[in-house]
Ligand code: GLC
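Single chain ahead, by itself, as structure tokens, in the form predicted on its own.
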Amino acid sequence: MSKKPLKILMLGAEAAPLVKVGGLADVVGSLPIALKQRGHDVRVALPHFSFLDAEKLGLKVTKMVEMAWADHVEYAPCATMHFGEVPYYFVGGSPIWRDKQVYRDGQRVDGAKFVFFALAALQLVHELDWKPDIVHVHDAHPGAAIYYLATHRQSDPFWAETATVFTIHNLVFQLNHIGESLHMGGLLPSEDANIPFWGRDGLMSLAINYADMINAVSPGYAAEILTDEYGAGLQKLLALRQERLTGILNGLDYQAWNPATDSALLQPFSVEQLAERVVNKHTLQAELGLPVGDDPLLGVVSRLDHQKGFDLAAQTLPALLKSSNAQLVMLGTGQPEIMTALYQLQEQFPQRVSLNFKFDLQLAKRIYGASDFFLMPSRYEPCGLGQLIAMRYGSVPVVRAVGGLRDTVLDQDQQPNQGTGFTFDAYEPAAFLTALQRAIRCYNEQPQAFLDLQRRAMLADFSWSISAQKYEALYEQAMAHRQAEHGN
């Protein structure tokens, strides 16, 4: 554990289960609880989006923050609640309430919303006289907080020793060209020549350039974003800050995702009662109109888009279904052209393919608890939670060896006694097809080897307790850098 309990302020756009769009929410929702359990004073600030039901969440405005915004004073009502014994601050105000969704394509709307949120959250804890040791920003959206602290520490002693940590969940979403929003918050675009000229008023670039420490959500992704292929135009800036960059694998909430207690499953099970799992498979097959039996069942729970690799899947799966006895169930929504290609797959194999283009958490859990294999052919994957959940539920992942997938899934054929799934490297139909065929061959021809593989996958430990310890070490590094620079 850290040498002393730390005061940690986390800023994010979402946190499960209170506000959830994607995997970012799972991290911001779970990591504070793990750190709280390790004795730290962790508090989370979120935007008080207009769609949130304040009464249902038990939110009560406890502080009214006055913000200098553009050419006037803007008020930010701040409400509080506790979740998992962690205090949450919900920061409101006109720039946040003007929009009725978490994210919008328009940079102007998101820029104003998130810059206002980040600066108001800092002002809130300042007025509460709660001085954080660490301000931990998740992804670009609250990145103005890091830029503000870097440019205002000298003029405000309150922040002089507060260190900043920036976690990159997805480098692609950068919130560039929001100079107008920065100006409304009293900030100017950076003039630092290390930042690409097009990123000097972008929240991702500013956070990377000015944070005391930076981490990506897996060691693999931390290495990949230094390359031209995955650096999204910021690889040179990241290389300049490489000594401050590390990778910490996301954890999984093992209480929320537990096949032994999951009420969504007809037959809960554990690694000790793995044989009982087949009840869930046969039940799901019957529910979705697939032939009930022991043929290998492939599962997908995902956004159906190019990042997640489902253009590749649409090219690959017809050949697999022609050459094997596999069944396929897919849950998710995504890009129309990919969904159209998948519809054609269902028309070609109507008895063996079930497409469910919707969001349904209970069905997702049934797929995790019933499928024999879980597919994640991602073009890039910063960390990925789907493969971690699948392994926890005994569904063997078949993944592209990229980012966090490379860090978490060991190939069965390459490491027969340690394997937890099947992997492939090239983003090509032939490579994906070969991995799928190896997986199905293991299932059909080597039942004991497949059973051992399932058990190893279920026993792999990706709990937050491990990741929380690594974040403690990261915080200590950030504070050491801040103290060294403050001392100078």
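Residue positions are given as counts along the sequence shown, with the first one as 1. Small disclaimer: the values here were computed from a predicted structure and weren't measured.
This next part talks about the form predicted together with alpha-D-glucopyranose (GLC), which is not shown.
- Proximity to alpha-D-glucopyranose (GLC) in the predicted bound form, taken as a non-hydrogen atom within 4.5 angstroms, holds for one residue of T408, T164, N250, S371, which is N250.
- This chain is drawn without alpha-D-glucopyranose (GLC); in the predicted bound form, the residue among N176, T283, Q235, Q307 with a heavy atom within 4.5 Å of it is Q307.
- From the list 316 to 324, 223 to 231, 127 to 135, 375 to 383, the contact stretch for alpha-D-glucopyranose (GLC) in the predicted bound form under a 4.5 Å heavy atom rule is 375 to 383.
- Contact annotation for A13: none of its heavy atoms lies within 4.5 Å of alpha-D-glucopyranose (GLC) in the predicted bound form.
- Using a 4.5 angstroms limit between non-hydrogen atoms, A120 is distant from alpha-D-glucopyranose (GLC) in the predicted bound form.
- Contact between A439 and alpha-D-glucopyranose (GLC) in the predicted bound form is not found at the 4.5 Å heavy atom cutoff.
- A207 falls outside the set of residues with a heavy atom inside 4.5 Å of alpha-D-glucopyranose (GLC) in the predicted bound form.
- Along 203 to 222, a single residue, V217, places a heavy atom within 4.5 Å of alpha-D-glucopyranose (GLC) in the predicted bound form.
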